[in-house]
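A single chain comes next, written as structure tokens; it is the form predicted on its own.
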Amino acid sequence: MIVQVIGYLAAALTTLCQIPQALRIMKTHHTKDISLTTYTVLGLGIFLWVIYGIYVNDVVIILANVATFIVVFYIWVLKIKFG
């Protein structure tokens, strides 16, 4: 039970931590200090976590990383748009 709670908490925190960055970019349109390379590699890593989650059939890993990927991809798109 405690392991599942830790998993859910980790999933929530890693997903939520990207949202303030996305909101700030939406508000300011400022992306100068955001690295496109970093978000490209991060997005690839998150995508691989999704594949891993599917392989091991872990819904928490899948859902958390799909949600995080969406936010990271959105930041990546904003970086290209406003960069």
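Since the model is a prediction, treat every value here as computed from it, not as a measurement. A residue's number is simply how far along the shown sequence it sits, counting from 1. Superpose the two forms; the largest set of C-alphas matching within 1.5 Å is the rigid core.
Although not depicted, the form predicted together with a further copy of the same chain is the subject of the following passage.
- For residue 11, a non-hydrogen atom is located within 4.5 Å of a further copy of the same chain in the predicted bound form, even though that partner is not displayed.
- Though the partner is left out of this view, residue 17 does reach within 4.5 Å of a further copy of the same chain in the predicted bound form, counting heavy atoms only.
- Contact annotation for residue 41: at least one heavy atom lies within 4.5 Å of a further copy of the same chain in the predicted bound form.
- Not displayed here, a further copy of the same chain is kept clear of residue 27 by more than 4.5 Å at the level of heavy atoms in the predicted bound form.
- Within 4.5 angstroms of a further copy of the same chain in the predicted bound form, the stretch 28 to 49 places a non-hydrogen atom from each of 30, 31, 32, 33, 34, 35, 37, 38, 41, 42, 44, 45, 46, 48, 49, taken in sequence order.
- The Cα position of residue 6 differs by 2 Å or more between the shown form and the other one after fitting on the rigid core.
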